[in-house]
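Okay, so we've got a single protein chain in two different forms coming up as structure tokens, structure 1 first and structure 2 after it.
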Structure 1
Amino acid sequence: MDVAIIAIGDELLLGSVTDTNTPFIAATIDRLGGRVVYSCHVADDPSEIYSAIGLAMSKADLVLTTGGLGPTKDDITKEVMCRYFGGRMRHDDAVARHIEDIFRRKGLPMNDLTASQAMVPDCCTVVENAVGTAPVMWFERDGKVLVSMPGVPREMRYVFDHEVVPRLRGYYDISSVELHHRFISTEGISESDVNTRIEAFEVSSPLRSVHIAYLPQTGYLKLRMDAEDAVLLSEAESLFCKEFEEYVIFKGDITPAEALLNRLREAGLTVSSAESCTGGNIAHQLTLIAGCSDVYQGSVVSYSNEVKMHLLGVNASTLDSYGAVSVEVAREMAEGVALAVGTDCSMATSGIAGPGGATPGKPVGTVCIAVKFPSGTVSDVYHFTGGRSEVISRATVKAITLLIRGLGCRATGLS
């Protein structure tokens, strides 16, 4: 099943909204055993949408569109669908009742533009949208299918998972397709180096017999291994982890923060953080994960020297001798927050995220990181590239992965 995805909306082309729908759809199609062969962003312009549909239909068996629906768009996409598939607009009583029910439950008046969403092309099958007012539309032509879905991510994900995918399984008879995946995250080795070393294996090696996708993340490299043969995939995963043992930091389709929490739980340890240049981003990444409170106890964002001294116990003499951006200060921050919060482990960052603040010998991107373990504290200075947000993200990931490495990786699936 070859699939094309069209994301409709001026806001996507202007960069004011990030398209999260296309990656979500692509990942789901991949799990179903399909293949995304084409995707694009297109403006809220009838001629542009029409051309995009024609191109997508020529390339794929299934076309999935998001956006261009709803009262603010004046149903531009519906009119284009009528032109492309042939037909005219009709009033759908079931859609109208559904919209009225939603507004009645919210206690809101319904205007004419919202009511107009009950108008749908007579050449489509209407698919229920239980979480929104914009109807989902299923079109068929020459053995191919186009499904038009709303662009609001929450609505799109719900209707795609609960309504569209079940219909696709029946239409394309893909219920028996099962593609297995394994995820491995590495640090300290480039995508090209991994690929070169894998290519050096003999043709019969499991690593040469599975598909490997390289998924670069900020601060580390995630790889996805795909195969229909689960046994072969398991052998390839084991071989990879053995060959790249020094670079593997965790396994599974999880984030570094999730991997760290897993490791801490297994070890029965707690953690805290003291952050200067990362401004609480370590805490943010950990607290994004439900249930983190059993191991993550708290954070001190110590941006000023006064806070470093008064809340974390950093010595004034250390600050005077080495400066706030130093491994010595970072070590005292890590040890201070662990003592103040009462945790076994901790992470601390102090650096220059930019764009200003550089000093002789300490350019923008300089970050000192310290990690405290029950057995002692380690620290080092790092130099990260990129703008302010990227330096913060890279420093955050580095602090987390340093703690993961120091604690070992058994909880992340590695022996």
Structure 2
Amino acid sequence: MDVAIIAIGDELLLGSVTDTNTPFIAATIDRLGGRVVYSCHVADDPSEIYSAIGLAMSKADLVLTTGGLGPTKDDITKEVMCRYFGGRMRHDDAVARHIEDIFRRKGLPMNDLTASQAMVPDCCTVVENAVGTAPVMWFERDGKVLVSMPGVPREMRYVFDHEVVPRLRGYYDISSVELHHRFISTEGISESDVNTRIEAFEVSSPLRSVHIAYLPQTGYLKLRMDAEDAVLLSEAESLFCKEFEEYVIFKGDITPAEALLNRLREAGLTVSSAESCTGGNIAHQLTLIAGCSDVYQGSVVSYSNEVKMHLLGVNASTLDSYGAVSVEVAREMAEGVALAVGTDCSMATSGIAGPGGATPGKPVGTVCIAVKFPSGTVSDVYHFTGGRSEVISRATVKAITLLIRGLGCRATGLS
């Protein structure tokens, strides 16, 4: 199943918003064994949309579009599709009632613009959008399908998962071509070094027989192995983990935060964080994971020295002698938060995220990280590249990775 994705909206070409719909759809299509062969962004312009549909229909069996269905006047997608598939616009009572229901529930007044959303092409099947007012439209021509979905990510994701994918499974013989995937995340090795070492294996090796996608993430390298043969895939995965043992931090399509929570859960340990330069991002990443509360207890964001002293018990003398950005302060922060919150483990960061704040010997990107284990505390100073948000992200991943690694091999690296 070759698929094309068209994201519609001036805002995409103006760069005002980042398109998260296309990667969401593409990832699902990929898991279904389909192949996204083309993806584009077009403005809310009739002729641009029309030609994009033409090109997409010529390249793919299935065309999925997002956006261009909102209530404001610049949304003309429905009319264009109606013209492309040779139909007329008609008023759909069911859609109208659905829209009225939504507005009644929200206690909002209807207006003409919203009411106009009940107009749909007579040449498509209307699929209900349970979470929004914009209808989902399913067009068919010459055995090819075009499905138009709303652009609001929450609505698009819901209708795609709950309405569109089940219908696609029925329309195409999808299950039979499903690919198997394995995800492995590594840290401390470059994409090209991984690739070079894999290329050095025999061509007949499982590692050379599976497709490997390199997915660089901020602070670590994620790889995805694909194969139709599940056994071959398992062999390739174990071979990889053996070859790159010192670099592998976790397996599975999860985030470092999720991997850490799983590791803590297995070990029956709890965690907290004391954050200066990461400013609460470690806590945020951990609490984004549902069900974190059994191992994650809390954090202190200690931006000022006063908070470091009063809430974390960092000694004034340590701050005076070494400065806030020091491994000594980071260690006291880590041990202080574990005591204050009452956890077995903790992570602490103190650094210079930039762009300002650099001091002689401590350039922007300098971050001191301490990680407390039941058996002791490790700490070191790191230098991260990039802008402020990137330094924050890299320091966050590094702290989480240090704890994951330490829990993986308790015997080593701890004083």
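Think of the rigid core as the biggest set of C-alphas that the two forms share within 1.5 Å after superposition. Just so we're clear, the structure is a prediction, and the values are computed from it rather than from any experiment. Residue numbering: structure 1 sequence, from 1.
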property: Correct structure when looking for the form predicted together with another copy of the chain; result: 2
property: C-alpha of Asn129 off by 2 Å or more between structures 1 and 2 on rigid core; result: yes
property: Core-superposed comparison between structures 1 and 2, Arg141 Cα displacement 2 Å or beyond; result: yes
property: Core-aligned CA displacement of Arg167 at least 2 Å between structures 1 and 2; result: yes
property: Between structures 1 and 2, how far the Cα of Arg97 shifts once the core is aligned, in Å; result: 3.9
